[in-house]
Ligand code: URA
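Taking the form predicted alone, here's one chain by itself in structure tokens.
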């Protein structure tokens, strides 16, 4: 489908339509290798447009979502065993990718986006984004076990960074806890609970940094607010 060159340039994020017209009149724009100095019609599927010698393409619409991942869904774009994936839950045209992971048997907050900068900021260890979970665990931890959990635990070949665990409710043979970590190692919360002999029975992530799960039910998702996106960009 053909459209005016200056409209295409604006769609590519080069400049406004009026400013793009100025660039064209300054002979800084070429279509299929030929410099143009007036408005022409182009087909973005067939024509190659360059500004100052650099090819321009339409900007990809940035999508930022938070999903309440249900238990039994894979945190992946596709799965070799044909299990349901998080992207199959979403009914959107844009292709997005999970930011980090949630285990198959863990529910809760999962960010999905096509914004590479935000993915990097949320997953790079140096940024230490806080992750908060609700965990129902077997038994009731002692004060000594809680202190060892908080100070760092030896798991496999590493020692966990200082974390936090609070008992929210006690039941007969289990307890509901809130766990806060700053790392994102594979199945880390479960391994930490195993290390103090209180294995996880149920696990749900409720917050990452300032992004909260809120009232989303399992399988529901929403777009991030402008304030949440701005927060992520400024991490």
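Positions refer to the first chain, counted from 1. This is a predicted model, so every value here is computed, not measured.
This protein has a second form, the form predicted together with this ligand, left out of what is shown; the following refers to that one.
Enquirer: Although this ligand is absent from this view, report whether residue 203 comes within 4.5 Å of it in the predicted complex, heavy atoms only.
Expert: Residue 203: yes, in contact with this ligand in the predicted complex.
Enquirer: Even though this ligand is not shown here, does residue 187 get within 4.5 Å of it in the predicted complex, heavy atoms only?
Expert: Residue 187 belongs to the contact set for this ligand.
Enquirer: Can you work out whether residue 103 and this ligand are in contact in the predicted complex, taking contact to mean some heavy atom pair no more than 4.5 Å apart?
Expert: Taking the distances in the predicted complex, the answer for residue 103 is yes, it comes within 4.5 Å of this ligand.
Enquirer: Heavy atoms within 4.5 Å of this ligand in the predicted complex: which stretch among 116-124, 103-111, 82-90, 150-158?
Expert: Going through the listed ranges, the match is 103-111.
Enquirer: Out of 125-149, which residues reach within 4.5 Å of this ligand in the predicted complex, heavy atoms considered?
Expert: Going through 125-149 in order - heavy atoms within 4.5 Å of this ligand in the predicted complex - there is one hit, 133.
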